[in-house]
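Single chain ahead, written as structure tokens, the form predicted on its own.
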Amino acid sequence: MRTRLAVPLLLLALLAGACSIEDGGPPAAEPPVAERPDEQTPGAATEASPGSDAVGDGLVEGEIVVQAAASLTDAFADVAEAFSADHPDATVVYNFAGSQALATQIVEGAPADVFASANFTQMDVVAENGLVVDEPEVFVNNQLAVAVEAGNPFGISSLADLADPELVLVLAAPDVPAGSFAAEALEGAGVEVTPASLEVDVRSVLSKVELGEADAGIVYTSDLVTASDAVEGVVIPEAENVVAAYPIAALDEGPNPEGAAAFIDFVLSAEGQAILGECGFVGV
């Protein structure tokens, strides 16, 4: 799906200071219309206080296990911190990986309460196995950008520049949402590339560029908010970009259904949406 892209790079630089990271880096996206078309990290979770904006109607306790796309790593760390202020007796435990890997784990019986995918393709894998409680709901959108070495030595300004045979380009693998979206954008722009590697998730793409192992990679705009100073972002023009709609759902056999519902409600709340926006995502 084609969509509108960009907000000036200055805005993304400002957002970078809001998401919980040590370093920040460039571009961001203008709100698109969401359409259906990535280790375990502890956080904590909430008992709603009267008059607060937090969501949660009752006592929420215990672990809430969330399988989440790798691109949500930093944003969801902030979500867990805010959630914990309202639910001190609950703990959010994340498993971040490529959505395709998470879907496979869930189908194979990995215990979890919530699945937050970077696309509907992998959410549908879980839903078609009868493992979601309700219809998955889009909770945030994302877009693509090009991560390049600081200073942009190759002068990359469009997807067409990624076809340079001297350029070391890395992409996420085709079964990874970021890889699928990148392939869609490249095909739409009529650009053929030969990636040096295909990575297991979008964070691995970003890491290759940060470490100087690649000259460029296609990532999400949100990834650039959390990137180090070794990376710059190049906006992909509006006509060549795509929308990544992220669905979320409670899992049918999750051990903490009350916690799952409270977590999803928080992500969809004004506070949760503000946190995601600070980390470079586009709210719904």
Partner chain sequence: MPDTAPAAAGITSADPGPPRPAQGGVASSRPRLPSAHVVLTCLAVLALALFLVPLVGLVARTPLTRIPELIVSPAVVQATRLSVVTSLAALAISTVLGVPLAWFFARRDVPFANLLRAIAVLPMVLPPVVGGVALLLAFGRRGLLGGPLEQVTGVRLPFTTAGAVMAATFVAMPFLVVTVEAGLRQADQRLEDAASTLGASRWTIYRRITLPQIAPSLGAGMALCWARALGEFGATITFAGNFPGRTQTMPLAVYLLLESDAQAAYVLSLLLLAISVAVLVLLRGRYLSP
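Numbering follows the first chain given and starts at 1. Just so it is clear, the structure is predicted and the values come from calculations on it, not from any experiment. We call the rigid core whatever largest set of C-alpha positions still superposes within 1.5 Å between the two forms.
There is another form of this protein, the form predicted in complex with the partner chain, and it is not shown here; the text below is about that form.
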query	finding
Among the candidates Glu128, Glu187, Glu213, Asp134, the residue which, in the model of the complex, approaches the partner chain to within 4.5 Å (heavy atoms)	Glu213
Residue among Val200, Ala85, Val138, Ala77 with a heavy atom within 4.5 Å of the partner chain in the model of the complex	Val200
Segment assignment from 155-163, 170-178, 138-146, 77-85: heavy atom within 4.5 Å of the partner chain in the model of the complex	170-178
Ala196: touches the partner chain in the model of the complex, heavy atom cutoff 4.5 angstroms	yes
Gln100, heavy atom within 4.5 angstroms of the partner chain in the model of the complex	yes
Per-residue C-alpha change between the shown form and the other one, Thr194, threshold 2 Å, rigid core fit	yes
